[in-house]
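We begin with a single chain expressed as structure tokens, specifically the form predicted alone.
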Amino acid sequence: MRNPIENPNSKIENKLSRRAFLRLALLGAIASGAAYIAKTIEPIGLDYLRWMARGFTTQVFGSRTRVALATCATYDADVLAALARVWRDAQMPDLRGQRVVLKPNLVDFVAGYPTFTHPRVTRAVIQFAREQGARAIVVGDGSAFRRDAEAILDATGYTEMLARENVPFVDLNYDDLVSIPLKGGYAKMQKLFVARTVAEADLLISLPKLKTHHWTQLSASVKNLFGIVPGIKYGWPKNTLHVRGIQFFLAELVDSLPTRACAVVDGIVGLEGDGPIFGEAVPSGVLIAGTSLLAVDATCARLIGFDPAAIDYLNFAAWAGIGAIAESKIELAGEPRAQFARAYARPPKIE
């Protein structure tokens, strides 16, 4: 018999109260878990969660980016025609009226080793930019090893080429300094000094040599950016920035560039093994171009038989959502990748 004073809604109320209790307990557990996560990642900071969320969004919902490949068998071939094709196929920026800074890789000259961007590739970009109506063209680099840029320019053939093309060279190691804010916080730096020539450009074209590298495995359009950081501020070979964690510092550079950037990679003759200086030449016969430096480098990695996800700076930058490196997010144009595939010898490990 039902108790006459029993509330008929008491069972419903009891169920609701249990649900409320479980919800509160769940919220408490989530709050405790969040507090635990925050505590355990405190050395990195709560930005970790922001990077992870942005990376997930980029990988899942981000649009595809285009990278193009063009055949150029040797430096004696028509490099300008190959450049025009790859520029068109990669849907590269309009150069009309732009102040363009070309950043080749002039890390050093060692006789018999293809360490630097060939001057015929840089000359082709100069000629193409001029044809396209660029307002001003400057070539610049800041070598990580040598303090004397003139010696490198003379040895590599750049002095003669630049004089013939009537284009100035700026040693970015000694250029005026401009402080730029760093957006990411990956390397725990708030600002970075870069060369004024780069900061005031309308477009920076990274012109690297396709190489292996004993610290980063791959040296291409992103690693080439080290040359915009002045040695007069950070020393030679700029190891004060390496110790920040080279993958984190490279992520800062890509994410915080003060100007638009794109890349054309000299893969006509690459370098394998003990890069970036003491490696063997590999005839690869290709120019690679794109507006996303990360996508270009991921494509370069695949061309030489490396997994982009196994390269620290590419893996971290993609994880943090700075750009995409997955094949599904890169639209290849121009010549087929298989035509240029090579199994480059890997660099020795640095202990």
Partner chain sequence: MWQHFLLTITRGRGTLPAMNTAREFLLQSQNADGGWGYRVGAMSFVEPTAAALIALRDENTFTLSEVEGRARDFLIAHQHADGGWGIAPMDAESGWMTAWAIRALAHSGGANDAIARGAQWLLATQVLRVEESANRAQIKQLLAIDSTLRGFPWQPGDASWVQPTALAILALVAAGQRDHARVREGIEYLFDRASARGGWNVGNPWMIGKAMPVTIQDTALALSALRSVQIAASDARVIAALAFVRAASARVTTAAELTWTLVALRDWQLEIEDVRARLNALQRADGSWQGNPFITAIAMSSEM
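None of these values were measured; they are calculated from a predicted model. Numbering follows the first chain given and starts at 1.
Form predicted in complex with its partner chain: not shown, discussed below.
- Contact check for residue 89: no non-hydrogen atom falls within 4.5 Å of its partner chain in the predicted bound form.
- Residue 278 belongs to the set of residues with a heavy atom inside 4.5 Å of its partner chain in the predicted bound form.
- Among residues of the shown chain, residue 75 is not one whose heavy atoms approach its partner chain to within 4.5 Å in the predicted bound form.
- Although the partner is absent here, residue 160 lies well away from its partner chain in the predicted bound form, with no heavy atom inside 4.5 Å.
- Checking 234, 128, 226, 248 against its partner chain in the predicted bound form, a heavy atom within 4.5 Å turns up for just one residue: 234.
- Shown without its partner, this chain lists 154, 200, 255, 165 as candidates; in the predicted bound form, only 154 has a non-hydrogen atom within 4.5 angstroms of its partner chain.
- Contact with its partner chain in the predicted bound form holds for none of 48, 272 and 305, as no heavy atom of theirs lies within 4.5 Å.
- Only one of 217-225, 129-137, 255-263, 142-150 lies within 4.5 Å of its partner chain in the predicted bound form by heavy atoms, and it is 142-150.
- Applying a 4.5 Å heavy atom cutoff to its partner chain in the predicted bound form picks out 110 as the lone residue from 106-120.
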